[in-house]
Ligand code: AMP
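Only one chain is included here, represented as structure tokens and corresponding to the form predicted on its own.
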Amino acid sequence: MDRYRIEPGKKFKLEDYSPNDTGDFEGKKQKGIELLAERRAEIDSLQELLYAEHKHRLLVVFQAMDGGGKDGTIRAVFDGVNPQGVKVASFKAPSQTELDHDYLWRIHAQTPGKGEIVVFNRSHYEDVLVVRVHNLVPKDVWKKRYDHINAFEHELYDEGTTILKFFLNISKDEQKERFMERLDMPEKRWKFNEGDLEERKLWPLYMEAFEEAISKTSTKWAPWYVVPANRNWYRNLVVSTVIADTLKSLNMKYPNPEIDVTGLKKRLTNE
């Protein structure tokens, strides 16, 4: 899945990444779905190992346009994992208390501890996306935030956090179809907000903002992946594969028990 990873310092244009791409699985949807099931099982097992070893931390960041599939991806990829070691943090409009602090204050409080996976459903990147598009702060303020974010993520990395960032890349036409589906289905209608249509008008500005944010903050220690997201099954396969491979690369081991296993087994046998 390295084809979707944005290399630091490399020229990057969103138009070069098709939201309809299915990689090596063109015409092989069923095979992709079967592989997704394997990846989910791997993540389940690896998350248990991560929690038991209590050494590493994993932060997974999701960003997308409205309708991009953040909720669906989180459900699909982490279905079945032990909730004791996985947390999801969602970042809506900041409260007054949060606004009274620096913009990273509320973010740092949600980062993972040892043995944890924390998933950000939206994140600190809102402060170079929404804030930029809606002119909530001057340009000379949000421009500095790319350096702030890189430094913040590097600090997390230095302290033992592995960071993965995913931009779920859907087309404007696909977003329209998903909005129509939300309006047509009562069980999804509650998710629709009229403000989503106003945000849709700003699509070109958001694409510029995403492009620059990804270009300036995809680093060796916190890479961005631009995930084709028009096909849900392939989106989920890409994300789950990257996460599973990353967890495997940590070379984790179950800790040695601080108990006399032989003695305890003997006591149980003699009961």
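Start at 1 with the first residue shown and count on from there. As the structure is a prediction and not an experimental result, all values here were calculated from the model.
Omitted from view is the form predicted in complex with adenosine monophosphate (AMP), to which the following refers.
When contacts are judged by a 4.5 Å heavy atom cut-off, residue 48 does not count as touching adenosine monophosphate (AMP) in the predicted bound form.
Interface membership of residue 136, defined by any non-hydrogen atom within 4.5 Å of adenosine monophosphate (AMP) in the predicted bound form, is confirmed. The closest non-hydrogen atom of residue 94 lies within 4.5 Å of adenosine monophosphate (AMP) in the predicted bound form. Proximity of residue 122 to adenosine monophosphate (AMP) in the predicted bound form: non-hydrogen atoms within 4.5 Å are present. Residue 131 is the only one of 74, 131, 81, 118 with a heavy atom lying within 4.5 Å of adenosine monophosphate (AMP) in the predicted bound form.
For the options 106, 200, 148, 178, the residue carrying a heavy atom within 4.5 angstroms of adenosine monophosphate (AMP) in the predicted bound form is 106. None of 170-178, 157-165, 86-94, 108-116 except one has non-hydrogen atoms within 4.5 angstroms of adenosine monophosphate (AMP) in the predicted bound form; the exception is 86-94.
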